[in-house]
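As a starting point, one isolated chain is supplied in structure tokens, in the form predicted on its own.
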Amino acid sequence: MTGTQPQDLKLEDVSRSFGPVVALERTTLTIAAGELISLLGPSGCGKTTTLRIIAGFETPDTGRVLVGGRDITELSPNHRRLGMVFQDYSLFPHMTIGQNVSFGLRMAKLPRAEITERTRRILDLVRLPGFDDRFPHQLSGGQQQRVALARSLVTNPSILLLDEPLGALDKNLRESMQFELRRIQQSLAITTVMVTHDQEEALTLSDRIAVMDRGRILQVGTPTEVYDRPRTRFVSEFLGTANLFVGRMTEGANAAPVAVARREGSESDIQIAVPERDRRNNGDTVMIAVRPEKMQLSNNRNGADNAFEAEVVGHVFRGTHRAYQVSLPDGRGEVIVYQQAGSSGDEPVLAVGRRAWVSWSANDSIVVDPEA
């Protein structure tokens, strides 16, 4: 549809400060041709500054921006051949949908027949055929989002930039539009950079995720990699929920790597087995993250690598699972355990005050960097 080959995007040693405030530390990142990468992080982490540097709205203090090997750092935004979709869509309310979508083509003074044909094809692609004569106020939020996407794609951009593109939609519509956005991006094989603070959105849409905090990229990887193998405390807590333990590395039975650790707020030492890949030197201080869904609650230890006996102090139902708050052996501090809800909905609920064993596999203990 775009008529162009997908191109890679590279940031080479790019940085940006505003007076004494460092918005983006020196950053190098390569985005493969046709890839969708999400810049994920909280407000003020540098993700929007990064996107604006790519778009040409901000000039980096250092470094270069390259598209397909071509340096575009000094080019103005309108000469970069980039498409951009904003959170508020920025549609022209006085123009019809056809006029909104074809705006860039008309500014380029293309022949009328070509404008008509390209507008028709892109509206077909976003599943809005025959909407040419309607106005934005006559469309739903999801339809307006697709119009904004069509307008950014009709000019055959080499890179697509998405700035919180689904943030204005309600939850149900946002979920359906995630699939629609991914379908369109993959059908065009267009290199795409998306800014979001929504973890679920990043996990659903991305080929890779770059998790950012305080102007730095802390980790880049596939959704599975950054979720299952976070490198830092921040990544483990920002991308989902994590139970964190701090302790010292030692050696267990059969020379297996373990840590004598305790949950923050507790005074109970627990021996936690970790995978061989996470072995550290004996005596090293380590932080261990365990995802709540990797833990199990049962009547006995069941031969698990890691286990301790505890008491249920609270629980809530979240549709797909129950979240249990479980005390540590000394009663000071808790861990969160997710138990998948059964299809029948009549699985027994562990009552508050019930004693149970919390257990998990050594492979589900993740040693993370506590500082980053």
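A quick note: this is a predicted structure, and the numbers were derived from the prediction, not measured. Counting begins at 1, following the sequence as shown.
There is another form of this protein, the form predicted together with a small molecule, and it is not shown here; the text below is about that form.
Open item on the list: Counting any non-hydrogen atom inside 4.5 Å, which residue from 45, 326, 54, 67 sits next to the small molecule in the predicted complex?
Closed with: By the 4.5 Å heavy-atom cutoff, the listed residue in contact is 45.
In the predicted complex, which of the stretches 46 to 54, 59 to 67, 314 to 322, 26 to 34 has residues with heavy atoms within 4.5 Å of the small molecule? In short, 46 to 54.
is_contact(residue 21, the small molecule) in the predicted complex, heavy atom dist at most 4.5 Å: Judged by the heavy-atom cut-off of 4.5 Å, residue 21 is in contact with the small molecule in the predicted complex.
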